[in-house]
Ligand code: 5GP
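One chain follows as structure tokens, the form predicted alone.
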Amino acid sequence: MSLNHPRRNENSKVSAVFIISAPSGSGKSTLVSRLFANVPGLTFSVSYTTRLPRGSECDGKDYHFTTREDFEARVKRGEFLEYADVFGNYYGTHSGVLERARGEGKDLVLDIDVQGAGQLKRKLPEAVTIFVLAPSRQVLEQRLRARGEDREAVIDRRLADAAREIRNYENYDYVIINDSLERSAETLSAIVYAERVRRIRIEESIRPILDTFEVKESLR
């Protein structure tokens, strides 16, 4: 069965903002990648950070890597919609990303932590917030260890932070328990499509239908 999903109106200045948060190791990055593969009309907010690149991370694609001095100067100039100090490094969302999304007629997806999500939600109350949760602490720990990126002390710290972060789930509009990648990816895509219908009401599709009724009435 084929589904006619709502399309973004390329001339519209109204863009939905989707904030996705999760403890490290919950599978958020994989779900976001699936979302972009499955849903057209999205753009991703590339955050600024003062941490060093990891593995194959590229500047401008994964993050905008910068110095602590430059980041703090940007904070003073009011350039960030939100920013936070996480594990001793700054992360922030530049204010220009929202205007660029609106100019392109696309919906904006942000991958930010609980602290940053709270800041951004206060500035953009209409933003849609989604929390991704691993099915258990044991599964989360297994995923963190399987990545092979962190020392034991870092894993312990991430697990402790996760215990604090998950208590914020009630502040989010949606919660996805990522016990199945396929099902969770489908759920995330469904949330985006549902919010598009609710927000833009696919006016370009509705208007022609209403016109057919108006023509019929005029012939009476």
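All of these numbers come straight from a predicted model, not from anything done at the bench. Numbers for residues come from their place in the sequence shown, where the first is 1.
Below: the form predicted together with ligand 5GP, not depicted.
Interface residue among 61, 164, 54, 151, judged by heavy atoms within 4.5 Å of ligand 5GP in the predicted bound form: 54. Taking a 4.5 Å heavy atom cutoff to ligand 5GP in the predicted bound form, the contact residue among 127, 97, 109, 84 is 84.
When ligand 5GP is considered in the predicted bound form, residue 47 lines it closely, a heavy atom lying within 4.5 Å.
Of the residues in 86-123, those that come within 4.5 Å of ligand 5GP in the predicted bound form through at least one heavy atom are, in sequence order, 86, 87, 91, 92, 93, 111, 112, 113, 116.
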